[in-house]
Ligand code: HEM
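The chain below stands alone, shown as structure tokens; this is the form predicted on its own.
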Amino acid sequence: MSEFLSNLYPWTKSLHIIAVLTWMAGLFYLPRIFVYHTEKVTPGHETDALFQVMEMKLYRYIMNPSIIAVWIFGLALVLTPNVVYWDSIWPYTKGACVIAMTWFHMWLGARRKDFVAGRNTRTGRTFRMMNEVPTLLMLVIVFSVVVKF
């Protein structure tokens, strides 16, 4: 199994990076759509339905498959020999941030359901502030993996 994972390492790493890029695109974009949905649309208006379709398609068809791929290829990288050195701090900081980003993904899914049910109580300002969460987590992840402190 170790040799198999080692041979696939360049492919696994490439697919992991691609999945991260598509997931991050959704994590950056969905809160921004929520801002416009909150500030520019009246619940029940035809534009409300349009925003709900956009949000559903982004979440279901881009973000969900991406998060699954991120976790599958990320765990494959963790299991590949000589990729992760557990005596360093970086695997733990990256892991904590990936778990936090996964929570954020789920939080966005719950907020999408709030819009569908017509019970969104968050403001555009809240969504703007939450839009910074993936950026901060991404910075910690990238510096952790590249610097390997």
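Numbering starts at 1 and runs along the sequence shown. These numbers come from a predicted model, not from an experiment.
Just so you know, the form predicted together with ligand HEM exists too; it's not on screen, but the next bit is about it.
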Would ligand HEM, positioned as it is in the predicted bound form and superimposed via the C-alphas around its site, fit into this form without 3 or more of its atoms falling within 2.4 Å of the backbone or C-beta atoms? Open or blocked? open
May I ask you to check whether W23 falls inside a 4.5 Å heavy atom distance of ligand HEM in the predicted bound form? yes
May I ask you to state whether L30 is within 4.5 Å of ligand HEM in the predicted bound form, using heavy atom distances? no
Considering non-hydrogen atoms and a 4.5 Å limit, does ligand HEM approach F104 in the predicted bound form? no
Distance check, V70 to ligand HEM in the predicted bound form, heavy atom within 4.5 Å: yes
Let me test this: is every residue among Y9, K94 and M138 within 4.5 Å of ligand HEM in the predicted bound form, going by heavy atom positions? yes
Those residues of 130 to 149 which, in the predicted bound form, come within 4.5 Å of ligand HEM by heavy atom: M138, I141, V145, V146, K148
